[in-house]
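A single chain, nothing else alongside it, follows as structure tokens in the form predicted on its own.
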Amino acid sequence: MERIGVVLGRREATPLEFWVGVEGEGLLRLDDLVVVEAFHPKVGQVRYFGMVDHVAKVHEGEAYDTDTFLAVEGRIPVSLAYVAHVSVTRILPEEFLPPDPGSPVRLAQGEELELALYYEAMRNQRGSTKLPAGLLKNGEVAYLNLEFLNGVKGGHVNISGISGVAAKTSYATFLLKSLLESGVLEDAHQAKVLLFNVKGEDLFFLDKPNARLTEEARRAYERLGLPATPFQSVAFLAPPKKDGYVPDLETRLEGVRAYHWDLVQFCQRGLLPFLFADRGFMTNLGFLVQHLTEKLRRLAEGQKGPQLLVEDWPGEDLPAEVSFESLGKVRLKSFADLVRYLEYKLLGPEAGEGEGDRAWTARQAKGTLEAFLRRLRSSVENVAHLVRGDRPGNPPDPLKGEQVHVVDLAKLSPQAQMFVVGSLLKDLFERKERGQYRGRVFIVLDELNKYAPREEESPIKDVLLDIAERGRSLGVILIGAQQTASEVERRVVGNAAIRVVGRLDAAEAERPEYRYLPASFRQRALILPQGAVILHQPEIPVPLLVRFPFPAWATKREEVREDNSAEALRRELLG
């Protein structure tokens, strides 16, 4: 193996770091992996594996900055020093003595590269657990240990990066591709994915091939052992438009289903708290909200919906269609009706003295009841098209049907987004707790700082904390993303075994949340190009800079490669 330099003696060499002097035409760059062999009479041969995290060149022999001009003209003698700093990733055998100055340094390749990055240890009794996670600078495949992602030794992924530079969503979908189709995850066919679309309609073409996919990107997929194809089993769900029941999307309509909850599902599943996202409100009115949630749950017991039957709402017209079960009852046909019914139960008849039903008011003061109703009335405009009584509910069910469920949130108001995310995560987590689905479930949620903020509390944050702290033991894995990890609840970020960093802004990179990265990596995070991320996992003591290939699936309508084959036409005609 070609020698590229030696361990420097002028600078201190320790078991954890040393400097290398590059000689001749040798080339040593950031992220290169090197190996050094040393010998001690009492321990024998010791190999040091490490990664280059700093490189520099300097003229030796210059006393002043302007001496460089003289050196260029050949008027003073200087020599060029090309040096690199190496952080040790592994010592074999584990004898922590420093390498000898002058020891030859060479690039780690093949088996030695695997030893440097602990790849040979990524296996269990069933076989390899090396999950393709991208490509290193030298073109070799970078791996994650699957056992830190599937819940065996750890779970959850946290991705940070500014928007628009292909870091968060692009890497999350690439990681899903690797999980589902690399063959490393044994029960991949049972795995389900709940993927929230939070901006634009970028994720609504995951099942379409990308017309911009280049041959270079195809070769990258081949090296990674992944098919350069779109996702095969995807369900697309979008909220209905407010003035109808057509999915509220612009670029794609075929194959998209509208989702909503009916009034009985809303009550039976206890979804009322997810209309109130801020803890300030819940601190003052939390008891009342929980009390009413339970009252609504009991009211809806045994009902089939979609309309909610009530029997004590005088002054309303009798229903047009009367069944045996509905005799003597009134149908609530919309979310606005439900709000009016709660207003009646809490404050009494509109024309009366303002005395509510004591079984519903929970002995709360009138001011408290009115404050709750003001917030509830304001939610009608935001969620009335999501909670309806005019047709049976059709909420997303990521545990049934297709393997990947894309749920659109982009056009919803912030309150409606909170409601949808909270309702789905609560339902999914409770079903996993009850053992209703044995396969693993991966949840991809961007904008974690909105749903699990560091300084505020909310029912949704409680659900996310539950997933972060107990989810991996139940097979629920959160792949969360945000622009600024410093604004996300510490316990949510801290429970992520795998951390990924894309391009950061300068202020964010200096926050304590990124101290696990060496200073050189924090600096590089400011200039990372598209398609590159910094990867940190528990088994490898240094982060890795990896590149991942351009998506094989379309990320917008313009990228869809049209299929004009006879088979595609037949599928189109048959629906």
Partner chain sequence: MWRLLALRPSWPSPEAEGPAPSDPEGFRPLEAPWEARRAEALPWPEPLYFVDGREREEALLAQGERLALLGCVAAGVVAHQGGRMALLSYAVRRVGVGLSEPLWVGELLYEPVEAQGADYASLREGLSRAREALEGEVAAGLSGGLLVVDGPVRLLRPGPLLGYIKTHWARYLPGPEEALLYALRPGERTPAFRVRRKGMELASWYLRLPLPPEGLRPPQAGLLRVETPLSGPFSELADLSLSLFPLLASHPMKDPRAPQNLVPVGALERELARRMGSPEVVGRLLAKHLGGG
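Residue numbers count along the first chain shown, from 1. Worth saying up front: this structure is predicted, and the values here are computed from it rather than measured.
One more form of this protein exists, namely the form predicted together with its partner chain; it is left out here, but the text below deals with it.
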query	finding
Location of its partner chain contact in the predicted complex, chosen stretch of 540-548, 55-63, 510-518, 38-46 [non-hydrogen atom, 4.5 Å]	55-63
Partner contact for residue 152 in the predicted complex: its partner chain, 4.5 angstroms, heavy atom	no
Its partner chain contact at residue 75 in the predicted complex, heavy atom, 4.5 Å	yes
Contact test in the predicted complex: residue 30 vs its partner chain, heavy atoms, 4.5 Å	no
is_contact(residue 79, its partner chain) in the predicted complex, heavy atom dist at most 4.5 Å	yes
